[in-house]
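Before any questions on binding or motion, here is one chain by itself as structure tokens, the form predicted alone.
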Amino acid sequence: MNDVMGLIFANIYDSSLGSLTQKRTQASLPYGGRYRQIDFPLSNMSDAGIRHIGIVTQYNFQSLMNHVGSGEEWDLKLADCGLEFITPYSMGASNDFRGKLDAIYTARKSHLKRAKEEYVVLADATVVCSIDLKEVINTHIRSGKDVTVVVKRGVADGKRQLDLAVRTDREGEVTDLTADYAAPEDYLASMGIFVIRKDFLIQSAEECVARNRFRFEREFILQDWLDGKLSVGAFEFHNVALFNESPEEFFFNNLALIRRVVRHDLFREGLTIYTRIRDQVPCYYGENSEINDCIVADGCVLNGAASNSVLFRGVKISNGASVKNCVVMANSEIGIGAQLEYCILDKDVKVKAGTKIIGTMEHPTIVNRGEVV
């Protein structure tokens, strides 16, 4: 779509993911055996024909840039008005991230005002989903609203605090908005995807920052809607959407991919999810290996047992080792006779022979990248 550009925010929930994002952005967090979270919003935009995409990132962005590279896997080109990394250096901003509006404001001259597109799709790298953005954009244009937010039913439960929650009537018109609130079940949760006219976004960012307002959902969407200055439309998404806003959710949502209904919804025909190509040899299954209900990437060497787990590229499980209900990231090695249950092993972890690490579904044990245990 030549009249639409995209902005992806890479660092929104880094602080809530603990050691998993200590040296990387949330957008570059591995998911599902061979993907990164950035692959989903980036692929959704590419599938919609959006070719001008800015990735807004504040810190720890080296692994993200290495993964995305020139963008060729997503049919993008690393160039002005193509694929752009909007870093603190290109924005001329400090490392203090005060909110999305601050990032939009500081990027407006160097990126947004130069863009020829009329509309902007904003997306977080938080929610894993496969969505037809063409339908969202066309719905927004037909509605005549100032902004359209993509929402998901069944997330609000009165306990989970949501950045933005929406209540609609039977016709789908927005009747109430809340921000930073544990909304009850009759509200729909924002998926962090918004469509807005570019010139209006720039103007709004300038006005909000001038009044010391930096938070997109609370201090722009909610406040201007309450003041009658902003019309908001809601696009309800009916397919699988996985919110990765904590280590526990990241763990649960990786294991959710083992379920056929989730897997087939995220990777369905017509909406391709692309990732960086890393060709490796096929997975090797040893004579005594027992692998049940697992997602297994290429390059693994499996001589032990694994069940209900996600094994990334190059994972090695030695003879007599047992891995249950675990997420094991790339190139990690499980020693002879080791026993792991309810664990997240970051990349390049080495588990010594005979080691036992046991967590719970509610509180999985996390072993940091490169550690030897």
Partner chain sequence: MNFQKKHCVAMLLAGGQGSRLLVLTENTAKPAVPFGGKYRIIDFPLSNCVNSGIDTVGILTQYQPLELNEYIGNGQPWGLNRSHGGVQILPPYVRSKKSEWYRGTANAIYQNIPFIERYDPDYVLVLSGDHIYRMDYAKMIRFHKQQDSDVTIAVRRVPMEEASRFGIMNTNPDGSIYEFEEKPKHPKSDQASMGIYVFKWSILKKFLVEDEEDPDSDNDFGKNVIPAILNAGHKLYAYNFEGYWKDVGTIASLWEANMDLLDPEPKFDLYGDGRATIFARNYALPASYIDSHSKSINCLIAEGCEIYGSLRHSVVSTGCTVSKDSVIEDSVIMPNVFIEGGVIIRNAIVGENCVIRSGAVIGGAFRQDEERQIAVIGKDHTIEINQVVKPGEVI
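Nothing here was measured: the structure is a model prediction, and the numbers come from that model. Residue numbers count along the first chain shown, from 1.
This protein has a second form, the form predicted together with its partner chain, left out of what is shown; the following refers to that one.
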query	finding
Partner-proximal stretch of 168 to 176, 146 to 154, 252 to 260, 238 to 246 relative to its partner chain in the predicted complex, 4.5 angstroms, heavy atom	252 to 260
Interface membership of G228, its partner chain in the predicted complex, 4.5 Å heavy atom rule	no
Non-hydrogen atom contact P184 with its partner chain in the predicted complex at 4.5 angstroms	no
R51: touches its partner chain in the predicted complex, heavy atom cutoff 4.5 angstroms	no
I277, heavy atom within 4.5 angstroms of its partner chain in the predicted complex	yes
K23, D348 and G370 each touching its partner chain in the predicted complex (heavy atom, 4.5 Å)	no
Listed residue (D298, D265, E206, D199) with a non-hydrogen atom within 4.5 angstroms of its partner chain in the predicted complex	D298
Residue (of I137, I291, A115, V232) lying close to its partner chain in the predicted complex, criterion heavy atoms within 4.5 Å	I291
